[in-house]
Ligand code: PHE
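Below you'll find only one chain, the form predicted on its own, shown as structure tokens.
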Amino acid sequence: MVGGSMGAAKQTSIHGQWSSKWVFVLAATGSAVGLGNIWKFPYITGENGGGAFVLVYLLCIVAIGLPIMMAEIMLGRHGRQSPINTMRLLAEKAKAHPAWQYLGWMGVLAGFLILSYYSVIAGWALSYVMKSISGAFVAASAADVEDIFSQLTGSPVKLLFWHSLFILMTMAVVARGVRGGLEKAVRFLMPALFAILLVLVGYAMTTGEYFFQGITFLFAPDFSRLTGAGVLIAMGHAFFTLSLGMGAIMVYGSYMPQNASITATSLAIVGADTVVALLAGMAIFPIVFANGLAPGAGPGLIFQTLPVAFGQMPGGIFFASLFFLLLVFAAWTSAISLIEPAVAWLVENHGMSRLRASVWAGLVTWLVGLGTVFSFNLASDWTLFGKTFFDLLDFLTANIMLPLGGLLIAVFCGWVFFAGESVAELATRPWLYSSWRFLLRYISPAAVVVVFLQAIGVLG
């Protein structure tokens, strides 16, 4: 059903809207920029050989991430409701099967589940800010830092405290609404995040030859070091880093001013998200090389390797504190977007106030997060399919729910949503529209299917 029109009537959001397109760009960039950019991107780049991996990642951002982001924003702005109600409304208008509403349900559920464990990891960053300020990493050996990390994750009381604090921080913002909470938070947090990152890159530049070694590692492609698995990891990360398929971008799109260009704002968001990931690499790799550490140290690069480097460098207390504050800010801007779809749905369908909906959503998220807290200590021996509770949630959301959500968004927007409506919403040049539609209908779904099959073990 790609011809015709859904009619000229425009929906309005009961939650309000962003005051300008630039606030929307800040908010959506805040949703996209998270631990994936600053924690995950540097270590997977290190594990997969550097420059060649980065090049494939950038190509995937353009071919997969950008078209699906444009589609998700467009669906959100057209529906002007929570993802669940938006998909129900748009399916009805397109005379499509009502089961399409479950795409909205899956996105809301994915965001909710991700926040339940994301909050625990963000709690680590909160804890490390305090440890950095106290000088805990000064002259610390690798064994000392490993012991600090083990004491944190091995203590259910400590993890519970930091998890609870981060959930409270998140819900305090969400409860205040679109302009009073979300907008005020991103207006402060995003510029602060960029400023901190630039200070850290500035410090990395003082390492001299190690800065150029880091830049070479990051940008000089050596395709002999790139494997097929590395290509798939780049493809997957390009998709996941933009917060696609979890309802966050769709609900933020529902608050987007009607006169804002979806194409221009999507390019700005994708560009800013990519710049943050690259700047994080430019800040981290020179420090890693200057201290003789391994760039492919894996997930422990941020919490177990970098503190050793910070502990040895001049001004280490300041730069360590700044770095982990950056992590907290990145996690916070993502967290408020992860829970917003659920809060919006509670307000729309159950007549709750923002405050009450936020309390309920936050409480349930906190309770589910206890499973992740205990999977690092009291319940670390409890496994299902060889995975702890945390590993299961991470696998289910990142490897199954998000790619499936992205695939279905591409299919709905490319094949079900009326072409006349997408032309009107995008309001862009014909050749740009044709390119976007071709990528969305054929290239993006095929790429997401490959990532999905690889993630569930069908491919390599």
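Rigid core: the largest C-alpha set superposing within 1.5 Å between the two forms. Numbering starts at 1 and follows the sequence shown. Because the structure is a prediction, the values reported are computed rather than measured.
Separately, the form predicted in complex with the ligand exists; it is not shown, and the next lines address it.
Undergrad: Go through 50-58, 420-428, 63-71, 27-35 and give me the stretch that gets within 4.5 Å of the ligand in the predicted complex, heavy atoms only.
TA: Checking each option against the 4.5 Å cut-off leaves 27-35.
Undergrad: Please state whether all three residues 118, 243 and 248 have a non-hydrogen atom within 4.5 angstroms of the ligand in the predicted complex.
TA: Spot residues vs the ligand: full contact, yes.
Undergrad: Give me the residue from 82, 132, 266, 337 that has a heavy atom within 4.5 Å of the ligand in the predicted complex.
TA: Checking each option against the ligand in the predicted complex, the one that comes within 4.5 Å is 337.
Undergrad: Note yes or no: does the Cα of residue 412 move by 2 Å or more between the shown form and the other one after the core is superposed?
TA: Residue 412 C-alpha, core-superposed: shift of less than 2 Å.
Undergrad: Does residue 193 shift between the shown form and the other one by 2 angstroms or more at the C-alpha, the core having been superposed?
TA: The answer is yes; the displacement is at least 2 Å.
Undergrad: Relative to the superposed rigid core, does the CA atom of residue 61 travel 2 Å or more between the shown form and the other one?
TA: True for residue 61: a C-alpha shift of 2 Å or more.
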